[in-house]
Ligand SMILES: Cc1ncc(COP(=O)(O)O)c(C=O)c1O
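Given as structure tokens, the chain that follows is alone and in the form predicted on its own.
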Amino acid sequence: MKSKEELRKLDVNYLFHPTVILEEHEQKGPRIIVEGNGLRVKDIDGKEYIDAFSSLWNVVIGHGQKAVAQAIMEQLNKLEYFSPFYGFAMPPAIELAAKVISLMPKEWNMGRVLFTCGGSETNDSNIKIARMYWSLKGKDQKKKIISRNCAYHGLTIGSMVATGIEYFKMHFEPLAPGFRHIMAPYCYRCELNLTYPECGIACAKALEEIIQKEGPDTVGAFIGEPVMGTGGTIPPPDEYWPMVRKICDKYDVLFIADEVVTGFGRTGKMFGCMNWNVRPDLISIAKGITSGYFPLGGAIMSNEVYETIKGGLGSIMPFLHGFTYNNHPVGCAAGLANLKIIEEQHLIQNATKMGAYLADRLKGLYDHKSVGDIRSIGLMAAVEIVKDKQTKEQIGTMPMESTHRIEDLMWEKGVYGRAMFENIAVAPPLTVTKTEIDTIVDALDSSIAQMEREML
């Protein structure tokens, strides 16, 4: 391997990084990670860190699980790739599709899986599938997609517009048409300045209002994360999703569940929607399906959607959507091995147990004068940082000044947490132990305290 300085120079000169301040990155250079085992990763200097964010929500089984690497190698030795087009299939894709469907409640009546390379591609696929569904039912005007402020659904041309965080859209106009947004179930910063439960879940009722305003014959689907992730780890009130499902049924609107972050145990259930017994029509998965060991996602459709598309296209017209690496055999082999580990090591049960412990430990952070809110479900949590608990204003003149400082301080202490706007978030692998949670929360605690001394 090249030296640290050689790699740093090559990185700065040739590698383009997403979501960094480019000038700052050229000055500081990359944090170069070279190894991983369990919850820990090691940088090029040999220093170890606890990966308290599962890298990017996705390493749910932890680093270095040899069984997944072995499954990848075995599949590479048999067949690295063959076209998924024109009816060709590879055994791992067939088996993984059946396995994923088997993990869902039977009453969801889910039917088919199109494996993709990640979440953004999956959400784009499901948006197209929703529009095709209504077109083939003779309702060509039902094209509009409703999502929410604070939502994150990806950064492709379609999923970027569904995303409800405006920063991600700057300089990429013109935006694709046909998308609308409503308020998020963000009780701490309610856009209507209401208080739960007296609000009557107005954020859910907003869906019905916008459908009526736009015209039910023009709205095709509502897309939502069961628990909003990048927008700040926002679990909704318990009444929210059942109300949304009823509204979708009332107006013939499909519900696309974006389970990219919440799927495969993150919330303490196999899928996030299971926390509220809510049935989707289309589901987007990624991240936890392979725990990042190989790029993979999946667009899942109900039997109703599949049969409508099959019947509408008939015996002549093919389904004209797809990408080169759909149903990739190596990715699907990784997925099968990953799901086996999740089940055999009882990681979802551990997520429930350790999630409760994490939530309890985090409560103590309210003693800090800058901690305005703490939100968690399973093993995803966020601590919202404010200058004043009454006004809820941010610290500093620029967004994320305080949370970026906390992230940097945690890194210095050997723990990776993630700054997400005015929140500092943790989402450790589902293999996490109490001792590791203690280390994570202690690092977060002391880092908040130090940030306050410096900035308040």
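Bear in mind the structure is a predicted one, so any value in this text is a computation, not a measurement. All residue numbers refer to positions in the sequence shown, first residue = 1.
A second form of this protein, the form predicted together with the ligand, is not displayed here; the remarks below concern that form.
Judged by heavy atoms within 4.5 Å of the ligand in the predicted complex, the contact stretch among the candidates 136 to 144, 259 to 267, 176 to 184, 299 to 307 is 259 to 267. Just one of T352, N149, N275, T230 comes within 4.5 Å of the ligand in the predicted complex, counting any heavy atom, and that one is T230. Here is the short version: of G154, G220, P235, G292, the single residue with a heavy atom within 4.5 Å of the ligand in the predicted complex is G154. Mapping the unseen interface onto this chain, K287 counts among the residues with a heavy atom inside 4.5 Å of the ligand in the predicted complex. Although the partner is absent here, E225 is a contact residue: one of its heavy atoms lies within 4.5 angstroms of the ligand in the predicted complex. Interface residue remark: N126 is not counted as part of the site for the ligand in the predicted complex, having no heavy atom within 4.5 Å.
Although the partner is absent here, G119 is a contact residue: one of its heavy atoms lies within 4.5 angstroms of the ligand in the predicted complex.
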